[in-house]
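In structure tokens, the next block holds one chain alone, the form predicted on its own.
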């Protein structure tokens, strides 16, 4: 559905772009909480007046509009969803212990600062630059795997904040593998087992695009920008 200028004063609207791992986070969070919402696909080459008005600072997706009020930046939106739709019958994304909450936020911040940038360099570059990105990617993912340890999820027994932050990237892993010649299963077996656990959840499986479509999308991007 094309985005329009107007958003309703009541209800929930998500301005998004289908391959965005940041938008995927929000979709997973809304699904986990059982929140009904209107999805509006954005054309990032021709951003809608609604997006520019609702996120005038960054002019980026995703934007969650709740009762006419916009919330921007994906990890902030996930936190907002957790606090807004709380209570009996709804899962809490963040643990009750302050230290455990701080740790979850630390690693989610690590994902935002490291994985997106490194992952993009895996398919945007070649040669020595790509090899450097590959080394950085392996190091970062090993740190994440160490943090996960033998736990089912990053927070322990329950799927939560950090899982949402990282699993949204999993549909891009095939693209990283293809362009940088990395075997995710061989390099990060515990993380890939965790991905499969997460993908067994309906909230995740229904929110993640087909990895082959992501690979195709990246191929189109590379041609468009003259990256061969």
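Numbering follows the first chain given and starts at 1. Predicted, not measured: the structure shown is a model, and the values here were computed from it.
Separately, the form predicted in complex with a further copy of the same chain exists; it is not shown, and the next lines address it.
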query	finding
Residue contact check: residue 134 to a further copy of the same chain in the predicted complex, 4.5 Å heavy atom	no
4.5 angstroms heavy atom contact with a further copy of the same chain in the predicted complex for residue 121	no
is_contact(residue 196, a further copy of the same chain) in the predicted complex, heavy atom dist at most 4.5 Å	no
Partner proximity in the predicted complex: residue 57 to a further copy of the same chain, non-hydrogen atom cutoff 4.5 Å	yes
Three-residue site 159, 169 and 187 fully in contact with a further copy of the same chain in the predicted complex at 4.5 Å by heavy atom	no
Among the candidates 126, 142, 151, 113, the residue which, in the predicted complex, approaches a further copy of the same chain to within 4.5 Å (heavy atoms)	113
Option from 33-41, 197-205, 175-183, 66-74 whose residues, in the predicted complex, bring a heavy atom within 4.5 Å of a further copy of the same chain	66-74
Those residues of 69-108 which, in the predicted complex, come within 4.5 Å of a further copy of the same chain by heavy atom	69, 70, 71, 72, 73, 76, 79, 80, 83, 84, 98, 99, 101, 102, 105, 106, 107
